[in-house]
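Heads up, the chain below is alone and in the form predicted alone; it's given as structure tokens.
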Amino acid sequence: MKILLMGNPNVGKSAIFNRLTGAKVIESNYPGTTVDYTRGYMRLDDEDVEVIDVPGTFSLEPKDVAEEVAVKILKENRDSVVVCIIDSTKLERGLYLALEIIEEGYPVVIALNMWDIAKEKSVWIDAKKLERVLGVPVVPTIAVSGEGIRELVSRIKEASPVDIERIVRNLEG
């Protein structure tokens, strides 16, 4: 199993990566570009699992080199679990990318990062309802303090592909 950390730029992917891997990092450069990504390892059920901190992207329709690399990494790792990291204060923007990845058939877990900042800004998200609607695990996290990281790790095993039409039915009903 491989875990891809994906999300918009500046949502805390690297902070979560460091929490998951203990900052045991391997810097890599995508061939033909100057865009770096980071690989490391974590233990999950007595198994070493590769974790890739993918460059930030807003969608699967790349608009620059970093986004092209992000999409290539995703496509080259079809057997991966994708942890979509979303800035809780910008939920709609992050959900756009998460839904695209879900629609492509990847098993997804959503980390609603910067949960503390969302609370400070009076942004209220019903994480349990979002989980029911999307059919994927949704975990509030605060990467800088480590809050929610243990639950995030425990929920990775629950990730499985979701039928996008089921999400539409959940939204309609």
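Given the structure is predicted, the values throughout are model-derived calculations rather than measurements. Start at 1 and count along the sequence shown; that's the residue number.
Keep in mind that the form predicted in complex with a small molecule is missing from the display, and what follows is about it.
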Exercise for the section: Indicate whether M114 is a 4.5 Å heavy atom neighbour of the small molecule in the predicted complex. Expected result: yes
Handout entry: Proximity of V153 to the small molecule in the predicted complex, heavy atoms at 4.5 Å
Key = no
Exercise for the section: Indicate whether the small molecule has at least one heavy atom within 4.5 Å of a heavy atom of A159 in the predicted complex. Expected result: no
Exercise for the section: May I ask you to check whether V11 falls inside a 4.5 Å heavy atom distance of the small molecule in the predicted complex? Expected result: yes
Exercise for the section: Go through 126-134, 37-45, 141-149, 63-71 and give me the stretch that gets within 4.5 Å of the small molecule in the predicted complex, heavy atoms only. Expected result: 141-149
